[in-house]
Each structure stands twice: as structure tokens, then as C-alpha cells.
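Next up is one chain by itself, shown in C-alpha cells, the form predicted on its own.
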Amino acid sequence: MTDDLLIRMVKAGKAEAYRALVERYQDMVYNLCYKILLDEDEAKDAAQETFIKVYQVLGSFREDSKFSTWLYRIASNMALGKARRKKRAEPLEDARYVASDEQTGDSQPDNMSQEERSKFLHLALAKLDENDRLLLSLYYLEEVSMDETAEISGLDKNTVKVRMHRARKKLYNVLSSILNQEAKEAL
């Protein structure tokens, strides 16, 4: 069944059709929430709250965009809101992050496995703020188009391009710093 048909069924009062939508998108929503929050329990809570919210406001879905885009937007807002509340509750020293200003050459060893590359990428992503993680994760990891990334984030497409450019620079600096530290420890 298509999303449109399931949505019409839910709007017509057939709540069991909503279960099919949840099952179809639960992994995508959880993964997006996890990439923003970096905490399994928080991501599960945000995903669950997203589906509750979507059920409550499904009647307002105008179908002028894809359901998945609309759902991602709600999920990202839910997770970003949780991240902001969590950040306000953290002590200042725990929330502090200073990016490395060092510009280095290619720090990635040619013999690094895909698993190691993935580990270092996720470590570097974790050091970025949640808005940068959201944009980079949507576009590069979830392979959402630039237009959909803009729609999900609620930003203008050109703003997304500028922020992604800046986020990639930050990611490069953080990744370089991590790899340089790893190389120093290996020596």
C-alpha cells in the first residue's frame, strides 16, 4: 500500500493503517533522532513522541510534499528540541567544545578499514552541534535530496547549502584532529 492510501485510511478512522506507517518509517525516524541526540534511549523517546505527534496532527497533512519529508521534519524538530533541553541542563564544562584550528594534510591512512573510517566519522559527527549533524546526516548518510533537506530543516535551500559548507569544514577540522591524535597515540 502507498503512503497516500494509508494516510487516507487513517484519516477515515482506521487506526490500524497507522501501524503500517509506523512500521514502514520507525527505523528511519529512530536513526535520524539518534544522529541528532547520540543517545539510544533519548532517540527512542524522540521517535515515539514523533509518531504520537504525527498521529495527532495527521489531519493537517496537506499532501503537498511527501509524507516521509513531513515525518522527517517533525522528527528532526522533536529531536532538536530534546537536544536543546538536554544542553541547557548540562553543566557548562560538559557542553564545552573547542574545534582545532590546525589545518593538516591528508591524515587518513590508506590502509584504514571501512569500519575504522566509519568509527572516526561518527566520532567527528558527535563533536558537531545537532543542527550540523542533522544537515550532514540527512544529505550524506540518509541520502535525502537538497530540496528535501531544506524542507525538513525548515531552512531555505541556499541557507542549507551555506550551512552544509560550513558544517563540512567543521567536520574536516574535527576529523583531522581526531586522526592526528590517533596517529600520535599509535607512535
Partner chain sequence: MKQLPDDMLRQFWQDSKKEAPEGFSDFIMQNLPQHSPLSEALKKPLLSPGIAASLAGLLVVLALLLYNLKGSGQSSSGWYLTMQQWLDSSLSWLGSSPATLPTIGAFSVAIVLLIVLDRLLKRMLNRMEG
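Positions refer to the first chain, counted from 1. Since this is a predicted model, take the numbers as computed values, not measurements.
Same protein, other form: the form predicted in complex with its partner chain, not shown, and the subject of what follows.
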_Answer option from M146, L58, V162, A126, heavy atom within 4.5 Å of its partner chain in the predicted complex_ = L58
*asked:* What I'd like checked is whether S137, K169 and L175 together line its partner chain in the predicted complex, meaning each has a non-hydrogen atom within 4.5 Å of it.
replied: yes
*Quick one: does L37 come within 4.5 Å of its partner chain in the predicted complex, counting heavy atoms only?*
no
*Does K53 reach its partner chain in the predicted complex, with heavy atoms at most 4.5 Å apart?*
yes
_Partner contact for N158 in the predicted complex: its partner chain, 4.5 angstroms, heavy atom_ = no
*Look up in the predicted complex whether F67 has a non-hydrogen atom within 4.5 angstroms of its partner chain, and give yes or no.*
no
_Need the contact residues for 15-52: heavy atom within 4.5 Å of its partner chain in the predicted complex, sequence order, or none if there are none._
A15, E16, Y18, R19, V22, E23, Q26, D27, Y30, N31, Y34, K35, E40, K44, A47, Q48, F51, I52
